[in-house]
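A lone chain, given as structure tokens: the form predicted alone.
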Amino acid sequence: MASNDLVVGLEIGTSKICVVVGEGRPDGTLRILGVGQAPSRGVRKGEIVDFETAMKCVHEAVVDAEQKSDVMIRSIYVSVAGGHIQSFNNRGCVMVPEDRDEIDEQDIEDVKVSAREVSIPASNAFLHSIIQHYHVDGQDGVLNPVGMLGEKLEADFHIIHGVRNRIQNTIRCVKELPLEVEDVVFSALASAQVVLTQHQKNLGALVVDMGGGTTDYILYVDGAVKQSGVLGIGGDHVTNDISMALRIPMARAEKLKLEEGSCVLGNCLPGETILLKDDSGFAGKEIERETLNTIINLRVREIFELLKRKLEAEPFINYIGAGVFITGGCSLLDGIEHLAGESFEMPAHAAHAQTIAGLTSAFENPQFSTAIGLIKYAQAVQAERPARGFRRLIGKFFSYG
């Protein structure tokens, strides 16, 4: 197997570190060769807060992935999240030089630069400039203007940026191992590559990636990214609520949440209880199932309401035809799609990576959506396809302020 067919995705999450090794095939499909995991320490709300500890955890996950896939990992695509990630939509405009009348690749790059000529905080750097739509001399809906005749080229972009130092901490954590960082990708953008089909993007869809410490989201309308961002709240907050309210250890609360809990109220018998067996340092306890479900319901509902409020600042949520797709570890909560459907008032689905060959257990686990999505993103970039959403930044990541 040629080493350049190998692509590796790394997600440094709040609860877990995940490394997925994939192999690109000539027909454009992907095969997963191995998945490495390690518990995440030194990471809070999707961001590194203890560099040395986080680096050791990443190293553990990389070694695990190497052993399981039987390959040597040299370079990696890394996802980033965190409350510092922001986005906006902007239009770029360039005039075609008078000595020619045909639009070429340089005009495409120039209009992207034009769209990024906006003021962002001095501490921030651009992550992505994702094409939405082109316009040639006022003509809308142009998919690829190269070769067309025209005097004025305009383009609408969705631009994602974040705090440079925080992104650099993630990159440094990988480079110290030492591994080469091929690219840095916003986590929800990565997840969407394998959770949604092109048809769903065209219909309009919202991907909500609910991890341990953050809830990342990305919204598509007419196949283009219109909104994206991060809420600094996730599954760990649900676990913490259970631990505090029922006065049980965090580890027991996490287990209880996943094995016995539900986001749906009124589905259990009156007075139905769950018996927590005694353990070392824990005396055991009997709790009402509806009490547990109420704690979960309130916090998850709050996350959805906060997200809905954020999305309603723009009109795009009104154009979602395919519905809401929930992925990430928190999507494993029983009844979460029912609660999401109620909150957003539209169809909602718990989702995982689609149409990937290889380890079934890996791509059917929504906890791996981001890491698998990184591989899909990388495959499209490496093939240099001009597909929507994959046009790369000009030059190096850190050359933009």
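All figures in this text were calculated on a predicted structure; none of them were measured in a lab. Residue numbers here begin at 1 and follow the sequence given.
Not pictured, yet referred to below: the form predicted together with a small molecule.
Under a 4.5 angstroms non-hydrogen atom cutoff, the small molecule in the predicted complex has Gly212 among its neighbouring residues. Looking at Val71, you'd find every heavy atom of it more than 4.5 angstroms from the small molecule in the predicted complex. Under a 4.5 angstroms non-hydrogen atom cutoff, the small molecule in the predicted complex lacks Gly24 among its neighbouring residues. Contact check for Lys201: no non-hydrogen atom falls within 4.5 Å of the small molecule in the predicted complex.
Listed residues Met346, Val63, Leu332, Met55 were compared with the small molecule in the predicted complex; Leu332 is the one with a heavy atom within 4.5 Å.
Picking from 301 to 309, 155 to 163, 129 to 137, 323 to 331 the stretch near the small molecule in the predicted complex, with a 4.5 Å limit on heavy atoms, gives 323 to 331. Here the marked residues Gly9, Gly34 and Val381 all miss the small molecule in the predicted complex; none has a heavy atom within 4.5 angstroms.
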